[in-house]
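Here we start with a single chain on its own, the form predicted on its own, put down as structure tokens.
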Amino acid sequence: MASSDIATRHAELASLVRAHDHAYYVLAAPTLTDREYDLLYRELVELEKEHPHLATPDSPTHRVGGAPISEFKPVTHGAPMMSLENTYSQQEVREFVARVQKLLPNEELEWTVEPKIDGVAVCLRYNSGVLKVGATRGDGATGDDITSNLKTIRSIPLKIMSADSSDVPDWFEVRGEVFLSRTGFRSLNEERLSAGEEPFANPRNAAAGSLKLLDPRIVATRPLAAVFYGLGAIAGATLPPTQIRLLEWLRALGFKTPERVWRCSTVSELIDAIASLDAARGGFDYETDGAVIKLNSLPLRERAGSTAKAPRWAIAYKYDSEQAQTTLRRITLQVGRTGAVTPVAELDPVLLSGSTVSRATLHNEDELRRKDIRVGDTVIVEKAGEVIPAVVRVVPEKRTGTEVVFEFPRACPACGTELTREGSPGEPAGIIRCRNQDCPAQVRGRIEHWCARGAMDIEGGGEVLVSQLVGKGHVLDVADLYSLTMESLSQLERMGEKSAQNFLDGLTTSKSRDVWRLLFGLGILHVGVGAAKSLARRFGRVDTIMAASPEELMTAEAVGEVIAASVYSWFALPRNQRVVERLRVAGLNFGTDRTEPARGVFFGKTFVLTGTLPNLSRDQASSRIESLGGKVASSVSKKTDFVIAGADAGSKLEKAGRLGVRVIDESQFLRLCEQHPSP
């Protein structure tokens, strides 16, 4: 192909990929199938590998994340990024409107009300329509340069797509919020828990922590999104006259804007809009903690001016989160299978968001100190991200003087080993860990993890049985399970012959489980279900994975430097090699040679299972999907191709209806499979 033809094809591919990213991530109206998109994207990647000079900074391929950086450089904003004054009172909203009217006498004021997204404020700077710099708010005048991380977010345009070049300023700053969706937050925490990592406290912390990572390749794996609502400095264009027109202009340039905006002329309309937003925000797939009220006219904003910290023409009305007040009776320490030690608040039971809460996470020692939480305190709890109960704050005015500051021990509460404070690669420091791999709490955790439904799925291998097996010294690692006999099991409390036989049968059945289950079951730090499946698809055999270098491991989809280093280090330890060899001798499935992923009829398709199927278990249905090249996700999103619904299907079925995702039952699914039997 001639050089000019190559450059033309590259430009065409880049334009098509940008257009699809915009349609999918901004407009929620995809124009290509996932398969078609993947083929275009791969062609673009291959073209840039062969002709590196074509890989310009605005190429869609740059979203995968570049090399790690050593530090964030400071960025001075073209115009200050001010914060907003907050209020929880409708009366203060009325007073705010009266103040602005006093500043602008004889003017007829019009207002807008937008969702206040609970995310991280960012500023993007575009030169000649190309993203040059992205930064955090920082102190309002100067933020951190996080351009490499922001480029991984697909709802952020790397290049302005306006059909009319005259609409694009010479350079400008756009302001918005980066967030993690509710479904993304749940999926991310499920993955972190399965990989032995500490879950994030809430979606905002997860988004903020992601943007502060020094390795953009890790950021690229986080389901971040962004919404934009304002401008900073601008040159070479005339500002739109109103906020409503500004949002329309931003949408035309390719930016995602708030999904609902209310336009109000009176205070009563403002109050009604705040209430309407409160009623609607539960249906948004991101956390909102308030309503932002803005003067609609931009020229009038200039006349109203600002204080040193905040504009006089805007205010944030904050909604109260559902919270409950209770007493913290004691703090216990939970030692996980990877040795991470987490403080847990033991509470007087209290009803919160429809369920009774008696325990809440305190996350880590730093969080405990920052909030000055003491044993005996009256505390406020809420469900972070509507999922994990967490202590929000103490109620200091209710202290009696009998409260006790909790001293984090120097030794592991389970084995007495000295604790170490560390941060995992690519993550902030602060995790306190027990380094003794023979710690009984870690051993129990590893055995329970191996037996769990999501791993080797061994019937009867729950907490009670595992605790006895470890306590009596029958099992010290997962390979010991396969040496158990009816005689050794019969010595355990409340272990009848039938229960013992069921457990032994479960161990026998587990020997034929898929390779990814074995990899996941080993409990390697950072290796969740997704990474385990990716490694199994890429390499096929456990032995091939054990022999691979970190660089080779990173050729598997979604396996970055941190996961690759963790896998390599785990298999390099002699004690782990001995466990793996004993599992081989016990007859477990170590896989077959395969270097390419399965490409069955479901290749590139994503399925979600909900409810109880009449004949298939979830594992059976998932295995069939994956054998035909498909993927199984835990939650419904715009990326879902099929929802397989059984009896008592719940919110996933409702969400599929809202998003227009195709819903099928078990019989329809089996008919699809029968037409295309497994290879």
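We number the residues from 1 along the sequence you see. Note that the coordinates shown come from a computational prediction; the quantities given were computed from them, not determined experimentally.
The same protein also exists as the form predicted together with a small molecule; that form is not shown, yet it is the one meant from here on.
- Message: Glu114, Arg137 and Tyr229 - do all three of these have some heavy atom no more than 4.5 Å from the small molecule in the predicted bound form?
- Response: Judged in the predicted bound form, Glu114, Arg137 and Tyr229 all sit within 4.5 Å of the small molecule.
- Does Cys264 make contact with the small molecule in the predicted bound form, using a 4.5 Å heavy atom cut-off? Close contact is absent here: in the predicted bound form, Cys264 is far from the small molecule, nothing within 4.5 Å, heavy atoms only.
- Answer yes if any heavy atom of Ala121 is within 4.5 Å of a heavy atom of the small molecule in the predicted bound form; otherwise answer no. Ala121: yes, in contact with the small molecule in the predicted bound form.
- With the cut-off set at 4.5 Å between non-hydrogen atoms, does Gly78 touch the small molecule in the predicted bound form? No, Gly78 sits far enough from the small molecule in the predicted bound form that none of its heavy atoms falls within 4.5 Å.
- Query: Taking 4.5 angstroms as the cut-off for heavy atoms, does Val392 touch the small molecule in the predicted bound form?
  - Reply: Taking the distances in the predicted bound form, the answer for Val392 is no, it never comes within 4.5 Å of the small molecule.
- Task: Quick one: find which of 87-95, 289-297, 196-204, 211-219 has residues within 4.5 Å of the small molecule in the predicted bound form by heavy atom distance.
- Result: Every other range fails; the passing one is 289-297.
- Item | Among the candidates Glu382, Asp377, Glu177, Glu173, the residue which, in the predicted bound form, approaches the small molecule to within 4.5 Å (heavy atoms) | By the 4.5 Å criterion, the partner-contacting residue is Glu177.
- Task: Check each of Thr307, Thr356, Thr592, Ser83 and return the one that places a heavy atom within 4.5 angstroms of the small molecule in the predicted bound form.
- Result: When the small molecule is considered in the predicted bound form, the option within 4.5 Å is Ser83.
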